[in-house]
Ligand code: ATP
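Just one chain is shown here, as structure tokens, and it is the form predicted on its own.
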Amino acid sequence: MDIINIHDKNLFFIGGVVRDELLGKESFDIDLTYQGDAIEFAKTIDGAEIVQINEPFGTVRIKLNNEEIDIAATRSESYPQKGHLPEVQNIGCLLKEDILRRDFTINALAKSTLTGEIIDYTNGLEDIKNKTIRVLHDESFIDDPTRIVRGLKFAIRFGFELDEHTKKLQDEYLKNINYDMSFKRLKKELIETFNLNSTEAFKRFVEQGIYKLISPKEFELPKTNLENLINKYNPENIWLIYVGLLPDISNLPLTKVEKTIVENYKKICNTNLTSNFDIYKTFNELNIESILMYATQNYGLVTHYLDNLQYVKLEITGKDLHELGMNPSPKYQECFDYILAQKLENPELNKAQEIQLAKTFFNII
């Protein structure tokens, strides 16, 4: 693994970077852990510049050969408040202790930067071989329920399945959810999972009852294939098109834009859209995400707007109306809406025809 040129008997690649190398996949996060004091170790690296230090977590960021590298000291953790951030303990502990605090065996592998040896205390190599996702202990989901969504994410990314016991632990937790949890952490995992844009992920999310981590309100899987629509129209907030369909996501810390997307989707659901003009005026000012969410209610109407109606634009302007002798007033907008309604039915109308329609609207002979 020629990612960095630091070799020390106590320095290890750990977690996803080791897993991804074994799976032959590109890894975007390079996690390094040092068995001992990572901050003091970083100070001994030739040519390294200390960029940032976080003493409570024993982490340090260095700049070496124009690259920034994060190194974390080994540590153990406990969960005095289940579902919330863990409490850091025993910084600089043995590597095995650090590994045993992790979520799944496939993410609990380490690789020596000195010898290249794979260290496997949890049978993670066998689980990778068998395409299995397995927790390290029975309290795993109780400590951190966001691991349930992480398990779904890894299952979809790698084509793996939960082992039987892990699935049983998941089912048991989802029957008795502790809603006093970190919804900020849950949101992060939901974003990473549903930004994969997978119909299969959403299907499992609903059918396995994972959605109940957000709210206990019942929800049925929509029949619409959102994955295809998202691939075609390229929205920004992919995850919200899926998660925003749930009846109540008020527990999640949404941004102002995210709240608006969900609220507008709900407004559309309560709107009677009977004409091309109604559809255009309703959708024209909305985020694409709200519109795509509504496809679960009326697929044909949404694709009709996105493929056809949204491209209809008037050529006539306020200057043209002024030249017809009409002074600026609210009547301008009424005139434009009148012409727009005609053009939505006949998109081939040209500017001369639009001006003629304006004359008709204002009774100009």
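Computed from a prediction, not measured in an experiment: that's the story for all the values here. All residue numbers refer to positions in the sequence shown, first residue = 1.
Missing here is the form predicted together with the named molecule; even so, the following discussion is about that form.
Here is the short version: of K281, R185, K96, K259, the single residue with a heavy atom within 4.5 Å of the named molecule in the model of the complex is R185. The single contact residue among D320, E315, D31, D37, judged by any heavy atom lying within 4.5 Å of the named molecule in the model of the complex, is D31. The candidate stretches are 119-127, 239-247, 262-270, 99-107, and the one lying within 4.5 Å of the named molecule in the model of the complex by heavy atoms is 99-107.
At the 4.5 Å threshold, heavy atoms of R157 reach the named molecule in the model of the complex.
At a distance threshold of 4.5 angstroms between non-hydrogen atoms, D144 is in contact with the named molecule in the model of the complex. For the chain shown alone, R134 is not a contact residue for the named molecule in the model of the complex, no non-hydrogen atom being within 4.5 angstroms. Among residues of the shown chain, E21 is not one whose heavy atoms approach the named molecule to within 4.5 Å in the model of the complex.
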